[in-house]
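Just the one chain here, laid out as structure tokens, in the form predicted alone.
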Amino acid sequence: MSGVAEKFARLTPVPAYQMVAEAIEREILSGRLRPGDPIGTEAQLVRQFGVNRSTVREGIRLLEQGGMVQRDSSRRLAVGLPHYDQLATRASRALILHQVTFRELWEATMALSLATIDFAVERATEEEIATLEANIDATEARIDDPAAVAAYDSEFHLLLEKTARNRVLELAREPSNMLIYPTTHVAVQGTEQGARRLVEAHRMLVQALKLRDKELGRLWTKRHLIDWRKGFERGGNDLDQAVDLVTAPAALA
């Protein structure tokens, strides 16, 4: 048997504090523990898990970092709401580490954006529409600054996602959203036409909200994203190249 190639890596024992954190997280994600519910004192958790206090404290620290657990004014432990920005940052890192390509990013963005505009058309309020229009005016005022245009574009789409009022959809989009800013910067850099087409698309998307016209919204969503893809290619980039650390430094900020 000595000549048989090894197929399996050695098992690495999971630290006890990580097992504590995962056990509590499973109860939260299952819905058996909900935001605001107490999870017990450190002493109670020590007894339940049969570990020492330092192990419990380290497990709780992991959960606090992600917002799964929080302490109230009396330092009692309770279920919290996850820090979605931190979770998305980790997911964005995973996208980069898996070397996802611009084509994959574009295809996913197209699918999610079409769902977003459908709900936004149904649900946008006058106040939300006014906020989107203010964003467009601010973008137009900085039309010669590619970095500013890309930043306002990111803000516009975040605002649009808010109008859709679907938290699952919003969270699904968030990791890839962090990769869109730098690629949009690439797409509009060196050409004023690209920035002006971006502004035109944003205005037409807002017009679709005002008219409650899903077809118009979907039409301009597609045009907007096709322009993004063309601008990326126009910069000499391959659609099948990885959205890596060079192209997307902001994703790891």
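Computed from a predicted structure; not experimentally measured. Think of the rigid core as the biggest set of C-alphas that the two forms share within 1.5 Å after superposition. In this text, residue numbers run from 1 along the sequence as written.
Form predicted together with the DNA: not shown, discussed below.
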- prompt: Does the trio 52, 55 and 58 actually contact the DNA in the predicted bound form, every residue with a heavy atom within 4.5 Å?
  reply: yes
- prompt: in the predicted bound form, does residue 41 have a heavy atom within 4.5 Å of the DNA?
  reply: yes
query: Applying a 4.5 Å heavy atom distance criterion, does residue 75 contact the DNA in the predicted bound form?
result: yes
- request: Check whether residue 239 has any heavy atom within 4.5 Å of a heavy atom of the DNA in the predicted bound form, and answer yes or no.
  value: no
- request: May I ask you to check whether residue 98 falls inside a 4.5 Å heavy atom distance of the DNA in the predicted bound form?
  value: no
- prompt: Only one of 30 to 38, 216 to 224, 180 to 188, 44 to 52 gets a heavy atom within 4.5 Å of the DNA in the predicted bound form; which is it?
  reply: 44 to 52
task: Kindly check if the Cα atom of residue 72 is displaced 2 angstroms or more between this form and the one not shown relative to the superposed rigid core.
output: yes
- prompt: Does residue 59 move its CA by 2 angstroms or more between this form and the one not shown when the core is aligned?
  reply: yes
query: After superposition on the rigid core, does the Cα atom of residue 45 shift by at least 2 Å between this form and the one not shown?
result: yes
